[in-house]
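Heads up, the chain shows up twice below as structure tokens, two forms, tagged structure 1 and structure 2.
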Structure 1
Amino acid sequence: MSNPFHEALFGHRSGRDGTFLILPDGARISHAQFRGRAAQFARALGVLGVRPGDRVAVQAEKSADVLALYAACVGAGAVFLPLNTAYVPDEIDYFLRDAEPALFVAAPAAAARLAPVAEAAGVRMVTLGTAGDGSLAALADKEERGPLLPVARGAGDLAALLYTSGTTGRSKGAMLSQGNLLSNALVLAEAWRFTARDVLLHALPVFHTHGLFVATNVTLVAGGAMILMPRFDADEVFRLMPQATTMMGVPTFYTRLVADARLTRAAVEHMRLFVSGSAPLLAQTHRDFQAATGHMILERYGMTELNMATSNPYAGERRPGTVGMPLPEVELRIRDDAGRDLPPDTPGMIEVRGPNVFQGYWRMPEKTAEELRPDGWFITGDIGTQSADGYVTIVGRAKDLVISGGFNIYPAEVEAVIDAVEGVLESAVIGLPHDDLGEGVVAIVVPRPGAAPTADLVREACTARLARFKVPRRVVLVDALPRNAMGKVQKAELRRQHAGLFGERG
């Protein structure tokens, strides 16, 4: 048995020994150099006692070495467990105790506060910095860079463990196999026409599916290059973009670019593709970006448990407000609460089946049984519709559904009306406890810079276009919406912030 995932990402193919990483300071790392560094880390993992199937937990800042460590885990047969760099010690304690990794890799600056956490969990800790520093880097430096004979692994063997955000309870560890990651990387590279000539502007974090398993894996299987930015910075994006051909981002990236006068057709004339995901992209942002650049952003849909499931077409209509059609080899259906398939354009639960779907939740058989059917269909928790010609539109999360006076209200429908109001930048619609109605509809609205839309204006627009029960009973104007690292609006936080808005009687 070979290691097909390792071969697909790092095997010798035409163009593979060109540049792989371009750092902001102009330094370049070739595919061959990167494979050599990964081999050093793989050998260092062996010295530290990491064996095939062991988890390697990593909370370290984005760097070439972190990516090489990921590559090392693929080659060594270890299970890569990236952790959000914003997690605090109490959260790290949960992950270490739950996943029981053989090794925990932390940033040097965090070593002092995380060492007691690792010790209490009985996990060995090493450090890895962004400039070739840290105890793990020092150990790897002692190892040879010669070709690595990868550990034999099969499609069903685990390659990664990614924890969900845990907004509705304990974080769940999604088990992703070699086959899950490999199938998705190959499908996306084909669907988005990535080749060895592509240079991806990479400003995403690498502790998340989008930045690691989409951006990085797709670039690797295509043999292309990445400009590795530590984080999104508009000034740096405009400085580095002339070297790029493609960019992947979250909606926040694009809203900030659209607001910048430097975004012109001339600035992006060499680019062939802009991809957005991880959170819904406003249809208006689609239109504004196209007006400024001539490019239509390609929006797609995925989640931790799925990798990517749908995409707007590379060649064909990229329909604003939708996430496109199911990818090749992926099945998608919309069902009601009774498990019946729904007709086109009818909101219901999105279910997905295919080689991209994860293996289940780590040590949570009951939760796995609730969400992953025996026949392979995964219940996503997302409410959506599918048009007669296959385009999928995300209406919202099932847990964000507002039930007011016995009526179901899908936040995305109300948000679309509000976002079209003059002077509105974006909105989030939530339900809050209401004595008479169960839940009352509340709209949290962010004005455009320099604009001052009123609550009455927002309500009037909703009254004109929506049934009365969908019209927000309260409109709250705020400077910004709370978001996570991937740009998703945190509606649980909004519900917490505004919990007492209706008072005793609403």
Structure 2
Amino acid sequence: MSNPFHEALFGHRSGRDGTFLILPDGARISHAQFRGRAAQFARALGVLGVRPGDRVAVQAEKSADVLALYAACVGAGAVFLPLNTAYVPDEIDYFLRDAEPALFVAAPAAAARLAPVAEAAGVRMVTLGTAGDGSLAALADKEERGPLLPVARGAGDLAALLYTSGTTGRSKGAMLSQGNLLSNALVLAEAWRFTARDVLLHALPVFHTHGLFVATNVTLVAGGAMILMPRFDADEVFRLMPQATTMMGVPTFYTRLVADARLTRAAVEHMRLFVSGSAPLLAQTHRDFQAATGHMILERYGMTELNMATSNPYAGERRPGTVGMPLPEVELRIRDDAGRDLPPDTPGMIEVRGPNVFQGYWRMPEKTAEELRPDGWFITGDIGTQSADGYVTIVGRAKDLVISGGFNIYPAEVEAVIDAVEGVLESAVIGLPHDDLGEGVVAIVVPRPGAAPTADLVREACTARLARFKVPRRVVLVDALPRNAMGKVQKAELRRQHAGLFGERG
């Protein structure tokens, strides 16, 4: 039976047995062992009643087993729905009700607090730990490791549902097909010259496009290996780097490495490629990294709905401050508000079309219609320019979005929580320059007349209902918010007024 995506990730490696995963303690898992574990999970999913097309929601800590569960979903034709490990029960509640998964996989440590959430949503819950533990791992252990006959799936079938917040508050599930993921994996592996000899230092989370699809799929189609670090930790990066050939990271990884005296030419001697994305890499960081190591970081641009859209060239000029050129098979255009194509170097809305572009938002046809044109062009919400020789530069965002350490925060969601705090009249959430995270989340809060809500109260309310990375690092109380003639809060003005709030290193 045919399942081209499964075939690309796992098929061509059959009979070969190189290493796929290197764990921080040095343990190795070969491609064949990984396929065996994935086959066990796929069979366990069948036992649990998961059918092709069903969603499998997963909020579990990074581990070899989580990746094997992802691989199992590809083979079983299930739709993988990874969730940020920082999400709190209120947030999980929304995803379970909206996606209606057949199964929810939680971390064992979170089982007690999430079981009632899953039960209320009518979703079966199992657990998966990082050391082969959890009820799902126990079920998988009982299954055969022998080769899996993958469920037949085509390019248009859904492979994953990744939530990305909306500017008006409700998170939207971006539907990614097998064809979307497959085309991007093949294009990137080729563009960045990944081979079976590569060893990727993997310090990203595996619940987002960057760590899951870009890093993992590219390594799998190339038949290479990954050093699976639980999280970014500079000491561990320097300890493990000598075994690696490549690394992918968000800009915060690179600013932290650049600030570290251990970043030298000798330390990166074995490396052939450093990739950055998910947030803007300062041209200065690019230059500092090159001065310390001799390496030009390769910056690329993408988003959940698109996978990767542009990349600086592997062999040609990697231009600092730009995100390079559209990838093969990907079309990109820059337009003004009236829908006219703009000349080179003129800022406008970036639109993208190609086999990488998602299938729409889960059960939100109106939202889909707002952003995805009938002829396939996706309106990114990013403002950019393109030079005459093709290089794209992101110069701003039309969407109200903060990117902190590579995680997206939608102000509307945080403002809704703050506005419900007793004594708060209204609020505006903005991102301000932050040396470590790129942008730090700040809440500008107007108290009700006669009330005196404290910054602590506001932060506590946010902590109870939102993942920690969304919680404002600073809360500033003001008498009124600046508004334009239409009554709209002027966030650009707020960002200007408070620009220096996070001094050195936030």
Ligand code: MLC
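In this text, all values refer to a predicted model and were calculated from it rather than measured experimentally. Residue numbering: structure 1 sequence, from 1.
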property: Correct structure when looking for the form predicted together with the ligand; result: 2
property: Selected hinge residue, from M241, V414, P108, K399, for two rigid parts turning between structure 1 and structure 2; result: K399
property: Size of the rotation between structure 1 and structure 2 [smaller rigid part against larger, C-alpha superposition, degrees]; result: 158
